[in-house]
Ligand code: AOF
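Given next, in structure tokens, is a single chain: the form predicted on its own.
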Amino acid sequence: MSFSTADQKYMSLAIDTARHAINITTPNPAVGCVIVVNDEVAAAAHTLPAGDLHAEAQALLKVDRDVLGGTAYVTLEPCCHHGKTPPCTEALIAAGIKRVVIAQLDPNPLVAGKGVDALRAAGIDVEQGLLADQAMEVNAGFFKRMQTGLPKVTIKAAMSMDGRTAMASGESKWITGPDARQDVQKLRARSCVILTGIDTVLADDPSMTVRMSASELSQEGFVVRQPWRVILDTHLRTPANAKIIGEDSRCLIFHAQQVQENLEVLQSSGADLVTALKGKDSIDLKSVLTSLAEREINEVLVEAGATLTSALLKQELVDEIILYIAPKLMGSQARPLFDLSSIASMQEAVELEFTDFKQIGDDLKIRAIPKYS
């Protein structure tokens, strides 16, 4: 399908508008809508937090003129079902919109093409597929959850130039500089869950919260949403007074079967305990991720040591790796980024595809996607 230069411009604006909602809409997707009348933008809006207005309804509320015969550019197919809000298709039809340009069809089975059908049945010209890849990136976790029943999993790690993450003693503060650490806060802000292992909790007692204000996150007028913290703790060794439990968001602890010691103490501290089936001495990682998806978790940020991150990689459960590389050398006795000691030949190496490079302060930020067989 051929789209004009103007179409490209207005959909780019809709995608940029959607990006402003990434931190606030979960579990719903972040959607942008731009309404154009007589080649002028009449309104641009994004989805509000879950239970509030979707992008299309919000844009129609903001218009300052008659939109009869206008065009709506929407990054995701308008919904056509009654949920916590009325269908967006009905709002577009009632407003007299004549044309709707959609970047991506909604993978939610409740929509999945039905929104397009409803618009066309009302006589609206519908076109789809404009800047589809860019629009999908905004909601990569939502798409993966809807299509596979698993959330998007991103490993975040900081390392030295020689691939080390901590000294042999465990000392790791600070490998990277303040600019890189601030950038990590943005990763946390868009994530639904921060996942870690019990060894990290015992070693560092981290809080793993978002420590940026709404204005610093460019989301003025909205509360900073704290991601859930999730601990993989086979034998329930998490201290009841751990910072990761006592913060202002939900904390889930996944443990193995038949573990009773410390259970009631942790429950009384406010943690939610969940059994991840795989016998009494181990946790099934895929079961954990499936359980999170069933709780409408779209994006998981892993901040953990080499054991857990390597296990996720070996089981091909990682979608993206974000590395912050500091311009320093820590020596061969320091701890490595991953524990992949089972790899014995180049044929067994885990291949990656680099997708982005950026210097942040004195450090280098690299994004990479694992290329599984």
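Position 1 is the first residue in the sequence shown; the rest follow in order. Keep in mind that what you see is a predicted model, and the values were worked out from it rather than measured.
Below: the form predicted together with the named molecule, not depicted.
Although the partner is absent from the chain shown here, none of D233, R237 and L266 has a heavy atom within 4.5 Å of the named molecule in the predicted bound form. Listed stretches are 212-220, 84-92, 151-159, 123-131; the contact stretch with the named molecule in the predicted bound form is 84-92, by a heavy atom cutoff of 4.5 Å. N108 is the sole member of N108, S291, S172, T200 with a non-hydrogen atom lying within 4.5 angstroms of the named molecule in the predicted bound form. Interface residue among V193, C79, I102, I253, judged by heavy atoms within 4.5 Å of the named molecule in the predicted bound form: C79. A residue is said to contact a partner when one of its heavy atoms sits within 4.5 Å of a partner heavy atom; A55 meets this definition for the named molecule in the predicted bound form. Contact check for N28: a non-hydrogen atom falls within 4.5 Å of the named molecule in the predicted bound form.
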